[in-house]
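Let's start with one chain on its own, the form predicted on its own, as structure tokens.
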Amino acid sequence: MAYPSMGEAHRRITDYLNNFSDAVSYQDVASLAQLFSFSSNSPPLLSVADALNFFQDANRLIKQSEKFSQYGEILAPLFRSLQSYRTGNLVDAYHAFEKFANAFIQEFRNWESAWALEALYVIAYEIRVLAERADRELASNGKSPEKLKGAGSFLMKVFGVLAGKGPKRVGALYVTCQLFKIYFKLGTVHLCRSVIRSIETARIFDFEEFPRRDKVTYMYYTGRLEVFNENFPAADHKLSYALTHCNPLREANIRMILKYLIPVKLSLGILPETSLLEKYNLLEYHNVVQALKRGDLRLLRHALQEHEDQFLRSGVYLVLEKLELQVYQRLVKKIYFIQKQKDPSKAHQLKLEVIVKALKWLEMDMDLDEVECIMTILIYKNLVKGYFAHKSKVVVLSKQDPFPKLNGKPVNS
């Protein structure tokens, strides 16, 4: 790190202070936001950080001018945070950034208009990212990582500031999405409920007035929550909304949405095209889809085993595991069609031993009792229409629509 001369350091710091003051005076939110964007690692910002670490008396520059001193509670901790960030001391950088952010929020409350919202968005983003990095530093030193939790508390305070009448309320959804990211990261997704309730039931919010970017992110995270709750129709609605409204050029975001939407669609009996899986590099679902098409239980279990870690990390493993019933339905349906070709008059009578043989051909060793249990479940779940003739160990299928389609509805629980 090459330090500037004393005069150059003084000039850089003074320029930064003037830029801040001018941005606030002229309500130039784009310029203001750039001054807070640590994670951008922009050369101008890093050069100011180098100057601060060399000059070591920036507070004097703030205090000696009334133009700057009125914002001293914002600027002093901001400078300390920038200094620590530049030297790689992320825990100290976080502490100072949180003080700066709290001071900024106090000033933001006093501004009647919402002109500084984009700057507030940058602060909300930066405090989350900085907290994550600070927690990694703490964990590597054998200490308890707690900064991300602190960032969540700060963002709840920001949400409270925005969740009122007036033009500032349109910023509430962006902050909500940052909170979702924190709660999902910490594994405390139950904390999402109170924020969701505020967004979806408060009369002051009109969902359609929020920016499209924020609506897409919100629907993505609430859709994931519905996946965890196994409310697949709601998950389908929310994730489909996110997909439909997502910027088509943001392929990484589309892939993230599809990673959850595909298992949801599969649960509702809707299979994706292979071309979609190939386009967005989601080939881990290829054999799952093929297993559903073929009625191949062995292939499904192999696919789940092969990509187990990936599916567990995404939280969709249990969703995919429950597709076994649809695979059994498909297998029984194939046996039915084969019998119908051989002897149409007896096609609706399926001997359990035939199903046992088909499973053995798939290297799935099951006895008659196990198969009878599976068929009972299929009938109960309305995946097969028919009844048992227990003495003869035969499933008598309905002559009308023996294999009801899901048609976008989940398997009966």
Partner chain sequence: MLYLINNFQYTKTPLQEIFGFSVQFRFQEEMATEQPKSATEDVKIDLFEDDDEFEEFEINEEWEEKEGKEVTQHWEDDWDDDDVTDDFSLQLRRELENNTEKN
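In this text, all values refer to a predicted model and were calculated from it rather than measured experimentally. Numbering follows the first chain given and starts at 1.
The protein also exists as the form predicted in complex with the partner chain; that form is not presented, and the subsequent description refers to it.
In terms of contact with the partner chain in the model of the complex, the residue from H302, K143, R197, H286 that brings a heavy atom within 4.5 Å is K143. A single residue from the set K168, R294, R80, H95 has any heavy atom within 4.5 angstroms of the partner chain in the model of the complex; that residue is R294. Remark: all three candidate residues (K181, L186 and R250) come within 4.5 Å of the partner chain in the model of the complex, counting heavy atoms only. Contact annotation: the partner chain lies within 4.5 Å of heavy atoms from the stretch 353-361 in the model of the complex, the single such stretch among 35-43, 384-392, 51-59, 353-361.
Taking the partner from the other structure, the partner chain in the model of the complex has no heavy atom within 4.5 Å of any heavy atom of F207.
Using a 4.5 angstroms limit between non-hydrogen atoms, S314 touches the partner chain in the model of the complex.
The shortest heavy atom separation between R212 and the partner chain in the model of the complex is within 4.5 Å. For the chain shown alone, E273 is a contact residue for the partner chain in the model of the complex, at least one non-hydrogen atom being within 4.5 angstroms. Using a 4.5 Å cut-off on any heavy atom, the residues of 102-123 that reach the partner chain in the model of the complex are, in sequence order, E118, Y121.
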